[in-house]
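Only one chain comes next, encoded as structure tokens, the form predicted alone.
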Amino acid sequence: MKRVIIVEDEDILRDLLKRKLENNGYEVEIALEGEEGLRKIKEQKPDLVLLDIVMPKMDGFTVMEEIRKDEEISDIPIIIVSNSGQPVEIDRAQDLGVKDWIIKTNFDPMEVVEMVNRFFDTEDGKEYQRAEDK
């Protein structure tokens, strides 16, 4: 069973994504903020991380930077789930190696499940392409 860690501070969204992913056969762990998320990622080495950008204590960019510095977890794939879709933030996320991103205000929870399914259907992300890039 594939393990996904959701690092998200918005309770309703986090719980909804967790439930949808579990209903689709994924093992899901949650973290309420960046520091907790980074700790769980290091401990559990998930198959995929869904990561918010704006969070208390440690933002998503800092989490990504710390992940990329640590050889044991640097290759764990990340999909951003954020309120912001500013090009400068998307560019920064791409530079940090994110696989994809979803803007919270424009998505339906099943879109996240479909994205995660598509990611795992492509040899664990090795051949993954954003839907818009195909």
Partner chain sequence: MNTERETSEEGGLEHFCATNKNFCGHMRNTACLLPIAFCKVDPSGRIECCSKMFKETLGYRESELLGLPILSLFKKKRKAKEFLRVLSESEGVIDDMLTLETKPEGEVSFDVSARSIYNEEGVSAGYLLTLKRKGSGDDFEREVRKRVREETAETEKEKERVKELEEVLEIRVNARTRELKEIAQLLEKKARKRMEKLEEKTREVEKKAKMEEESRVALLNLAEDLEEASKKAEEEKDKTLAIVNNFTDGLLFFNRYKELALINPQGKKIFNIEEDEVLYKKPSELKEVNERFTILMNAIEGEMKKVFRKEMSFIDEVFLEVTSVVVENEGKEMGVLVIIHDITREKKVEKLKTEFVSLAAHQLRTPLAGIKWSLGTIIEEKQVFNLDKEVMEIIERAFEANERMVVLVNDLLNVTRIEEGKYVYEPKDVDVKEIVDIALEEYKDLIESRGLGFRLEMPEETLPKIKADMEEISLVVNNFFDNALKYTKEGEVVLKVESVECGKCLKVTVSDTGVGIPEEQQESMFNKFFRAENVQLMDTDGSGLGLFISKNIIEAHGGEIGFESGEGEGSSFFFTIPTVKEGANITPNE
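This structure is a prediction, so every number in the text was calculated from the model and none was measured. Numbering follows the first chain given and starts at 1.
The same protein has a further form, the form predicted together with the partner chain, not shown here; the description that follows concerns it.
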{"query": "Exercise: residue 118 in contact with the partner chain in the model of the complex, heavy atom 4.5 Å", "finding": "no"}
{"query": "Distance check, residue 27 to the partner chain in the model of the complex, heavy atom within 4.5 Å", "finding": "no"}
{"query": "4.5 angstroms heavy atom contact with the partner chain in the model of the complex for residue 65", "finding": "no"}
{"query": "Any non-hydrogen atom of residue 97 within 4.5 angstroms of the partner chain in the model of the complex", "finding": "no"}
{"query": "Option touching the partner chain, based on a heavy atom within 4.5 Å in the model of the complex, out of 45, 69, 39, 104", "finding": "104"}
{"query": "Which of 31-39, 71-79, 85-93, 57-65 lines the interface with the partner chain in the model of the complex (heavy atom within 4.5 Å)", "finding": "85-93"}
